[in-house]
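A lone chain, given as structure tokens: the form predicted alone.
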Amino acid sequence: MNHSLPRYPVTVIIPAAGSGERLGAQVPKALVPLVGRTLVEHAVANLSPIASQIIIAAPAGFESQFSALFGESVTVVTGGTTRSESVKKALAATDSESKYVLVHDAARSLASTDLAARIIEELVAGEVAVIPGMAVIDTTKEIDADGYVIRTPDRSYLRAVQTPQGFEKGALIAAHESNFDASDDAGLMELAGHSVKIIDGEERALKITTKSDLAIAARILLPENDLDIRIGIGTDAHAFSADELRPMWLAGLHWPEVVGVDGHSDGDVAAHAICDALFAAASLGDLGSNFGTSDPEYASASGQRLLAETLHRITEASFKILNISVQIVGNKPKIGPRRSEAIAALSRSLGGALVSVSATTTDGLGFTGEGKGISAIASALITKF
């Protein structure tokens, strides 16, 4: 079921201090790879469309690894020794305008955008705490300290809880400032006297704890072993225009506060890099060979138009998009506040494809760091159908 993505100030918090030892890794679980991406990258990609801010609470000593994955598009804070302490530290870094918070385990990295959107819908409708849960299939027994059954609960009233868990921010902050102890944020809200609503969860939001869980997650992402998967990389760069009236178009959006870039089309480096990556993956040439400056048809063409035309051409070649990732490099404009808009705009132009957007600077190095221009690099994952 498709839900229109809400446009509300939502902060996503990902406490990422879990150990990867049971997965055979010597890094935090969130950094364990799954089908070409780390678990935390999957989680960020899935929740980015509903987020105005994403905060990762990283284990001490691993902050730089998380920052390197996302650049300035994600805020990284040092987590605490417990999950609750990590969430509390992340809450202190939330944007002042954020009204709602989703707390999400990186280990449940495949939880969908749709699930997050349904949680936000409930919060907007007036709920203070909303969490997803799955019906318990097995008969469950409560036992005493000696292992004897005390009772058998009616499983029709039981739910196995998942994440993301959604909350009204002020209420969650107050719950964390109490002295209560609970295994999750919903438990804290219960102890603080709030009603917690459970909505239907989803199988793909499984918790990845063991190698067998990792294998199940891989099958969810790649349900057919014989998929013909292609990967492409694309880049684009443009200098800022000397014409102060030149509009800035980036990631399918107009940025009125920034002077645009010179170019044959609208100079949307994010859209152009994605087109380049898709053509490369499909072996259909590159951006220049498809939309060259010698072709007057594409003079001043919008990034949205080029994306739509690229989608048409790769579809005609019997390819479909599995995933798009684009990183924008430059000092301006600031991508974070409009990241969800950018994701939605790019996804619409690509027929609803899964898109992730990140941004970074180059610490004053190169033409982007000196503020002379802007660039983008994109990767495309496509498959033959």
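Throughout, we count residues from 1 along the sequence that is shown. Values in this document were obtained by computation on a predicted structure and should not be read as measured data.
The next section is about a form of this same protein that is not shown, the form predicted together with a small molecule.
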At the 4.5 Å heavy atom threshold, is residue 377 in contact with the small molecule in the model of the complex?
-> no
Looking at the partner-bound form in the model of the complex, is residue 106 within 4.5 Å of the small molecule by any heavy atom?
-> yes
Report yes if any heavy atom of residue 204 sits within 4.5 Å of a heavy atom of the small molecule in the model of the complex; otherwise report no.
-> no
is_contact(residue 80, the small molecule) in the model of the complex, heavy atom dist at most 4.5 Å | yes
Quick one: which of 246-254, 300-308, 233-241, 83-91 gets within 4.5 Å of the small molecule in the model of the complex, going by heavy atoms?
-> 83-91
